[in-house]
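First comes one chain, alone, set out as structure tokens in the form predicted on its own.
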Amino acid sequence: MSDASQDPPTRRDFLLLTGTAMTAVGTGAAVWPLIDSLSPSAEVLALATVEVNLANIEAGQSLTVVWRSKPVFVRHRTEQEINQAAQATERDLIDPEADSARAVRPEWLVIVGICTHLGCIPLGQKTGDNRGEFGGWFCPCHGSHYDTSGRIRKGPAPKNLTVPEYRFLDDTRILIG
């Protein structure tokens, strides 16, 4: 009697092995585009960090940059704006957070410019914009008022404007992200 493990390979074995290999390759080729589509695009990866030159922004002026497809407001705050933000007490704030926790350096405020209520872009970056009752930003869509630290003070927005991760590279440049 001969042992089945010692039988020479047959045409059927060859077809089974070839069919299995082709199925594995075909499945991989079909699934790879799906997996690859989940990766961030080159455009998004390029905007993972943004370097901002602060040298030309005078006190009282703002700059809007795009970071991860979101507007980021960079404001060179005046002494009056810094003092106004520091004077707010916890009971004045809907989402209590100290100004010192929001600004690495008091004269520079960096926040994501998207209203935390429904994702609108608040006014207050341009000269002549309505800055709301607290001198920061105002979202006219639903009436949210933010102060000079980007904290929600009045209106339906539940949270303060988000502070992105950023750091100072030197006195005139920051890196967001």
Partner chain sequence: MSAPHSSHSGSHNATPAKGFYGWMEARLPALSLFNKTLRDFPEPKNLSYLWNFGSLAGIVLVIMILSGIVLATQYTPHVDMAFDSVERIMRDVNYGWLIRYIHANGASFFFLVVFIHMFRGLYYGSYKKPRELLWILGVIIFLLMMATAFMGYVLPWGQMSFWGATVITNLFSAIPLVGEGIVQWLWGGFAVGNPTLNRFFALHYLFPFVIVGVVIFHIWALHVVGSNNPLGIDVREERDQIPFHPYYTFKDLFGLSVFLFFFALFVFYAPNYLGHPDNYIPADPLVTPAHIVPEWYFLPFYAMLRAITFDIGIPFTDIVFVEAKLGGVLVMFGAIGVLFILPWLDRSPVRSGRFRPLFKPCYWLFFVCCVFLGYVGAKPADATLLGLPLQWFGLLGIVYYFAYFLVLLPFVLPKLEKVPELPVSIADAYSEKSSGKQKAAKEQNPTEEGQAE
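These figures come from a predicted structure and were not determined experimentally. Positions refer to the first chain, counted from 1.
There is another form of the same protein, the form predicted in complex with the partner chain; it is not shown, and what comes next is about it.
Colleague: Flag Pro156 as yes or no: does it have a non-hydrogen atom within 4.5 angstroms of any non-hydrogen atom of the partner chain in the predicted complex?
Modeller: So Pro156 counts as contacting the partner chain.
Colleague: Is it the case that Gly135, even though its partner is missing from this view, gets within 4.5 Å of the partner chain in the predicted complex, heavy atoms only?
Modeller: Contact check for Gly135: no, nothing within 4.5 Å of the partner chain in the predicted complex.
Colleague: Even though the partner isn't displayed, in the predicted complex is Pro106 close enough to the partner chain, meaning a heavy atom within 4.5 Å?
Modeller: Result no; Pro106 lies far from the partner chain in the predicted complex.
Colleague: Does the partner chain get within 4.5 angstroms of any non-hydrogen atom of Gly26 in the predicted complex?
Modeller: Gly26 lies outside the contact set for the partner chain.
Colleague: Looking at the partner chain in the predicted complex, which residues in 53 to 91 have at least one heavy atom within 4.5 Å of it?
Modeller: Counting only heavy atoms within 4.5 Å of the partner chain in the predicted complex, the contacting residues of 53 to 91 are Val66, Arg68, Ser69, Lys70, Pro71.
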